[in-house]
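Starting off, we have a lone chain in the form predicted on its own, written out as structure tokens.
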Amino acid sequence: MRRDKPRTLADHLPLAFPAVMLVVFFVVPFGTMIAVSFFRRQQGGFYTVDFVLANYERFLTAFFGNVLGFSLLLAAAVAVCCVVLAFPFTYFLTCRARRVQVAWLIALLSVLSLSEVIIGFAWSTLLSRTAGISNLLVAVGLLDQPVALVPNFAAVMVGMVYQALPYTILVLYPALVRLDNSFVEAACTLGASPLRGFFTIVIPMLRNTIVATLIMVFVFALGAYLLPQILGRPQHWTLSVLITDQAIYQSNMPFAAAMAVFLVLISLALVGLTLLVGGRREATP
């Protein structure tokens, strides 16, 4: 089936509404944020129209560089954990009966209805010393006394993986449900174990999907804001937390805009990489 190229102006009209929405809700705000990032901050939380590079120079200091590095490392760790957990789960889910798949998908969609605040405080309670998981470990004899498992880096990882895992499964599901299982069956017929067939056939066939999913989850985790504050210590705060701190509590909007511009540029670059990977996947016969 061949797609005809647009020939007249009327053929481009369906793109008018999304183009206007993109300009109004992204291009204009992002352009304003770029302009503000070069303004000069004044005493009392005010700023004047100017063109200075002091905000970007401050962002490149060791402290904020470490925060940016931690944010990237945390997002990468969350993306890897989510894909490692979601890929085999989604694969075995697609091998189940249709009603089982529907039940699991409904459960995942119900998890997506939870806000980040609810997820953060729920895990904060589960990992607390008074009413948390450690009390169950004491009851079964694995611990001598309850301990607080929050705040720390592991708690931040658990909360963010829990939040991003349903998105990861729902992104992987369409590709895995269309996978032809005859290749795996042929490998098993030739003597390969199901586990070997999974690693040597399924994963290589969907490597572009895996890479695209990693990038999308990475972008999603890069903007984490509440969970690092609720479940972590100040050294576990991400760049999004510092942007909010500078904009609201420090009244330094130009510096917050400079950090936000850098964060948006990273996200856009990764989204572009995702589109590039997806385009190559479609071009592959």
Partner chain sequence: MSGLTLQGISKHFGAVTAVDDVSLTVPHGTFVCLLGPSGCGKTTLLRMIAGLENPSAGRILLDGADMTAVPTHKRDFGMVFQSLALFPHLDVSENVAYALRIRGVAAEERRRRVDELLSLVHLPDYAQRPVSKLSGGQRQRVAIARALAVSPKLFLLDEPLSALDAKLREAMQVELRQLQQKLGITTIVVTHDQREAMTMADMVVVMGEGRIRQAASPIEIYRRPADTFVAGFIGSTNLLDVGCDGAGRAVVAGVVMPGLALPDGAERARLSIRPEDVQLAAPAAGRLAGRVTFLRDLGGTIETYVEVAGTTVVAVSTPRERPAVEAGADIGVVLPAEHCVVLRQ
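Numbering follows the first chain given and starts at 1. Quantities reported herein were computed from a predicted structural model and do not represent experimental measurements.
What comes next is about the form predicted together with its partner chain, which does not appear here.
Its partner chain is not shown here, and in the predicted complex it never comes within 4.5 Å of any heavy atom of residue 92. Its partner chain in the predicted complex is approached by residue 197, whose closest heavy atom lies within 4.5 angstroms of it. Interface residue remark: residue 162 is not counted as part of the site for its partner chain in the predicted complex, having no heavy atom within 4.5 Å.
Though the partner is left out of this view, residue 204 does reach within 4.5 Å of its partner chain in the predicted complex, counting heavy atoms only. When contacts are defined as a non-hydrogen atom within 4.5 Å, none of 56, 65 and 68 contacts its partner chain in the predicted complex. This chain is drawn without its partner chain; in the predicted complex, the residue among 113, 145, 130, 193 with a heavy atom within 4.5 Å of it is 193. Contact with its partner chain in the predicted complex, defined as any heavy atom within 4.5 Å, is confined among 176 to 184, 149 to 157, 101 to 109, 119 to 127 to 176 to 184.
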